[in-house]
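The chain below stands alone and is given in structure tokens; this is the form predicted alone.
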């Protein structure tokens, strides 16, 4: 037996009690570190942001039976509600009724009502093949809300600031997979309905993927659901759709984004210039449905 009394030494009662108290203290520290809403222990290293989590593009929202469920929700609930609440007046719908190739749909943003109204303005075929870029830090901060909007509007998380390379890559993958992409280049809702400066990301997507951009403008949606309000109000809405724009040879991402912004501004001002809305011949060709195109179904995407 080791030298010393029974209550002292390396394996004595006082030593075991000290070890037990140490384990309890460590357990409390771990509980404090993992408890949501409390500050991290001062002895812990700062959180690292060098390797951010890989964002999900929610491929399940673009697979069956979710696509059929969303079609029923949008046709049976969203569309009738939009008609009753806003009686939307849509101009230039011929540009978004039959798209032969994926396109980027660009619009101003002043209300949460913008997305369902713009989707309502699209034809059934185009709407079913359109994904919506939604603010990752707003809609996907709460997982349940992210799932709801993904089911209802076919959204995917889009980073508004910092670490956007992965999201831009996923946007390109969606375009190359045959999906149209609805984006709001202002980045956030306008508080007064006036157009805010566009971010250059839309120009980068269009130039890198050689994808046409369709400018769109929504007027009156801020009266339906203004920023800071959760209950929609009835108000008339006008949606104008412009002629598709394509990046020119040697045109930079920033220059093309500026050109798209000018087109949306012109739509807001009511311009009917042929360069913006197209000539009557171009509009007639775009609306010509005498040769119906077969309904295309995209192949299901494999979940991550």
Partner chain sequence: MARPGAVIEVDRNTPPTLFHYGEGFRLERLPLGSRIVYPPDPIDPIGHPERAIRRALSNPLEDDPLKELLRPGMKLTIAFDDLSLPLPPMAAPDVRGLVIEEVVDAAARAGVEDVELIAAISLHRKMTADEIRHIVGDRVFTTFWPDRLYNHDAEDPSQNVLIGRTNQGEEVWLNRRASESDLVVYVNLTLVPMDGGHKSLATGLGCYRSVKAHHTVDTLLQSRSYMHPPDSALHASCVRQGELIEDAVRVFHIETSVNNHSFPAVANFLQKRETDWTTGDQAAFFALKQVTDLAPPDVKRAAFHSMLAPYGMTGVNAGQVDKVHDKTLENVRRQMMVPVEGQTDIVTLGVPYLGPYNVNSIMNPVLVVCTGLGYLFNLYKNKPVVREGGVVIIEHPCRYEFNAVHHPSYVDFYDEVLADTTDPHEIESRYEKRFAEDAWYRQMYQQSHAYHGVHPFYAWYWAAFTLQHCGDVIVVGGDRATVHRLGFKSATTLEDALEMAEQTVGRWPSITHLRTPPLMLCEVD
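Since the structure is predicted, the reported quantities are computational estimates derived from the model, not experimental observations. Positions refer to the first chain, counted from 1.
There is another form of this protein, the form predicted in complex with its partner chain, and it is not shown here; the text below is about that form.
Using a 4.5 angstroms threshold between heavy atoms, residue 281 counts as touching its partner chain in the predicted complex. Under a 4.5 angstroms non-hydrogen atom cutoff, its partner chain in the predicted complex lacks residue 128 among its neighbouring residues. In the predicted complex, no heavy atom of residue 186 sits within 4.5 Å of its partner chain. Taking the partner from the other structure, its partner chain in the predicted complex has a heavy atom within 4.5 Å of a heavy atom of residue 285. Of the candidate stretches 249 to 257, 236 to 244, 272 to 280, 64 to 72, only 272 to 280 has residues with heavy atoms within 4.5 Å of its partner chain in the predicted complex. Taking its partner chain as positioned in the predicted complex, none of the residues of 138 to 156 brings a heavy atom within 4.5 Å of it.
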